[in-house]
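There is one chain below, alone, in C-alpha cells, taken in the form predicted on its own.
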Amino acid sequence: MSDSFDVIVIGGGPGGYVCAIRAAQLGLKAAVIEGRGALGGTCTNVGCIPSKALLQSSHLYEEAMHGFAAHGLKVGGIEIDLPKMMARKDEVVKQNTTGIEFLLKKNRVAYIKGWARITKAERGAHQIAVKGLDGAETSYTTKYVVIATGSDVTPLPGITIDEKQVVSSTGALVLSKIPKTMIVIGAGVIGLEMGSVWRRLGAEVTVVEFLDVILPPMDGEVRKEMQRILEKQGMKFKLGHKVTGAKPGKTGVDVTIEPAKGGAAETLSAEVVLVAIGRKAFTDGLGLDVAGVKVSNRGFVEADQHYQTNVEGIFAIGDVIGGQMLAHKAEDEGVACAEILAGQPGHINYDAIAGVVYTWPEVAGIGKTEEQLKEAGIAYKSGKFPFMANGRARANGDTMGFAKVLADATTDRVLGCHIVGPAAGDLIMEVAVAMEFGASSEDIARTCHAHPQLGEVVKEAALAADKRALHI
C-alpha cells in the first residue's frame, strides 16, 4: 500500500467512509483509517443498526403477544430466545460492515486498520501516524485530512458505567438476560428506543429526565402525544428530575433522584440502569493540539461552512463538529466535503434534514417546530390530520398519532412537518423532498397520493393547512 494520498479520512463511520468513496469517485486517491477493526462506526456497530434490529425483533414479539388477536390470529406458547435474537442482531451488523468494506474495495479506497494521530500539519503534506491493530506504527502523507471520528457516550458525573448493571447504549445492546426492571436516565432518542426494546420484552421501564419534557428537539405537540402513547404502553416517566447517584448492589442498582428545581430526594431501584444523556465529540489521541486545530469549549472540532478547520487542508465532518448528530447528516457532509476537495460546489440544506425516533409508533420531524416559529416571530399556518381517519392505518390496526404540516402564512412555503405515527420516518421524506425544492403546502396537497396508503395522512395535513381537509 502506498504511503501517500490525496485525502485521508480518519474514521470509518457513515460520514467517513462515504466521504472517501465520493472522493475516489471524483478522482482523488483516498484512504480511510479506522481503529475499531470494523467499518461503519458507532452507527453500524453499536448504534443505529443493532438497535433497529432489536427494535424490530421486540416489535414482532409484542405484536404476537398483544396485536395478533385483533386480527383473528390465535397464537400460544410464544417464548423469547434472547441468545438467538442477539445472534440475529450481530449477523445484521456483520452483513453491513462487510458490505461497507466491499464498497471501499469497489471504489479503490484504501482501508487502513488502526488508530490515527496527526503528527505534522504542513500545507499540502500533512503527516499521520497510524498505530495498527498489531501495535506497529506506520506513517502516511496526505494533501487533505478529513476528521470524521464521530462521537462517544456522554458520561454522567458521579456515576460509573460498568456495562453490566449500569450500562451505556452499547451495553444495552448486549444484555445477557431480560431485566425485570430498568431505569433509563435520559428521555431522548436513544433512551426511548432502547427503553422500548426492553419494555416490549418484559422489563418494567422508568425513564428519568432532567427536563420537563421528553424528546426535547421535537415539536411540542408531538412530544406530548408520544409521551401519552408510551405511558399507555407501560413506560413510566419521572420528568423534571436529576440523578444524583447510582449505587450498584447484588440485586440491582439504587438510583437517587431529586426534583431539578429543588425538593426532597427519593431512591428508585432497578436491575439495570441505562445512561442515555447524549453524546460528545470523540477526539481522543488525534493530535489536534499538535496540528493546531481549534476545538470549542464543548469539545467539538470547529469548522466553517466548507468543513475547513482553522488549519489549511484539515477538514472535519459529522458528529465531531456538532449540530444534528445523525448518521445521514454525516453522510451528506461527507459527500459535500469530498466535492469541495475536488473543486466542486458542495452544499447541504440543514433545514431539510429529518430526525426520526424508531419507537412504535415512530416520531419524525423536519424543519421548524411551532415553538421555533413562534420564537422567531414568523407567521405560519398549521395543518393537522390524525392516523385514526386514514383508511390504511385502520386496516393495519395502527391508528395512533398524527401528521402536522407547517407553512408560511404568506407564501405557503413548507417550513416544517412533524409526525407521530406508523412509518413516520418514511413518510417524512416526502416532505423533505418538497422542502428541498421550496414547495408549498398546496403542492403537496395537489399531488395525487395512492389510496389506501399511510402517505395520505401527509396530504390531508397539507390540505388542512389551507383549512380544506377532505376526510375529517
Ligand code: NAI
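The first residue of the sequence shown is number 1, and the count goes up from there. Predicted model only: the values in this text are computed from it and were never measured.
What follows is about the form predicted together with the ligand, which we do not show.
Comment: 276-284 is the region of 138-146, 301-309, 81-89, 276-284 lying near the ligand in the model of the complex, near meaning a non-hydrogen atom within 4.5 Å. Contact check for Arg446: every heavy atom lies farther than 4.5 Å from the ligand in the model of the complex. With a 4.5 Å cutoff on heavy atoms, Gly171 does not count as touching the ligand in the model of the complex; it lies far away. Contact check for Val356: a non-hydrogen atom falls within 4.5 Å of the ligand in the model of the complex. Although the partner is absent here, Glu193 is a contact residue: one of its heavy atoms lies within 4.5 angstroms of the ligand in the model of the complex. A heavy atom within 4.5 Å of the ligand in the model of the complex is found for one listed residue only; from Val167, Ile185, Val205, Val293, this is Ile185.
Residue-level contacts in the model of the complex: of Ile378, Met388, Leu211, Ala125, one residue has a heavy atom within 4.5 Å of the ligand, and it is Leu211.
The single residue of 143-167 lying near the ligand in the model of the complex is Leu156, the criterion being any heavy atom within 4.5 Å.
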